[in-house]
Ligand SMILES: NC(=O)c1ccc[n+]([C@@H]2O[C@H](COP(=O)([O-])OP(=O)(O)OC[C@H]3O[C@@H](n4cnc5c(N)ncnc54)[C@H](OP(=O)(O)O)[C@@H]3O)[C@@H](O)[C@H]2O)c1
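The data below hold one chain only, encoded as structure tokens and taken in the form predicted on its own.
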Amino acid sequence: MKTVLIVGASRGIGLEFARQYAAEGHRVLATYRRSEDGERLRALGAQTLALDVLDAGSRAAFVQALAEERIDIAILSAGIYGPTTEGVEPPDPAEFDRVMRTNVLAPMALMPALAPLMVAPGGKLAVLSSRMGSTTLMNSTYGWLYRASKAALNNALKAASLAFAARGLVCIAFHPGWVRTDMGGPDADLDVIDSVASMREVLARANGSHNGKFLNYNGEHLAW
């Protein structure tokens, strides 16, 4: 049995990670913001922790609550898309702050705080990024604020992989696919169950050679 931490487990991909790991008998620590989300996670068998990733005090209390834990797998799933745009019009400053603070600042604050709590060597830390964050693969201007936030997240993950390599941690950025969730919408081509099951398989077999990689949900390497 492994201890699995999922940040952003209230819905979508994070919720499915919690469901699948708990169903297999692993010890799941799952974060939530609304009380009803916490109740749903507890019904799945998860231990819950309240966390507002945008609040520094909430983050500090969350890390303190984990002080005695040893985490095998940490998955940072919390994220938002922000405004739907097609061109390169200037972003609204409030939307820019909301997207960047959620998708970049929060994981940059949490990764160094969680690293000392990870089982070492062999602990695995994953962030949910997106193929839309790839500079090499970009072929559209659609959602350019979201793209920028995920490119920044990828860069932060890569830096974390270098910083934590000496401890034997494996840090991975995942593209979960275009998944049918509230964010992905009903027309997405991948079921959330299949996406999460595939990422879990990749995490299960991940080793030092995967550290600092940007991976598709099925383990295929993606260009930064």
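Counting begins at 1, following the sequence as shown. Everything numeric here is computed off the predicted structure, so don't read it as measured data.
The same protein also exists as the form predicted together with the ligand; that form is not shown, yet it is the one meant from here on.
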* **the ligand in the model of the complex: contacted by all of S10, D37 and T181, heavy atom 4.5 Å** => yes
* Residue contact check: K124 to the ligand in the model of the complex, 4.5 Å heavy atom -> no
* 4.5 angstroms heavy atom contact with the ligand in the model of the complex for M108 -> no
* To do: State yes or no: in the model of the complex, is some non-hydrogen atom of S134 no more than 4.5 angstroms from a non-hydrogen atom of the ligand?
  => no
* Asked: Taking the shortest heavy atom distance, is V53 within 4.5 Å of the ligand in the model of the complex?
  -> yes
* Asked: Of the listed stretches (62-70, 157-165, 22-30, 170-178), which one has a non-hydrogen atom within 4.5 Å of the ligand in the model of the complex?
  -> 170-178
* To do: Let me know which residues along 80-98 have a heavy atom within 4.5 Å of the ligand in the model of the complex, or say none if there are none.
  => I80
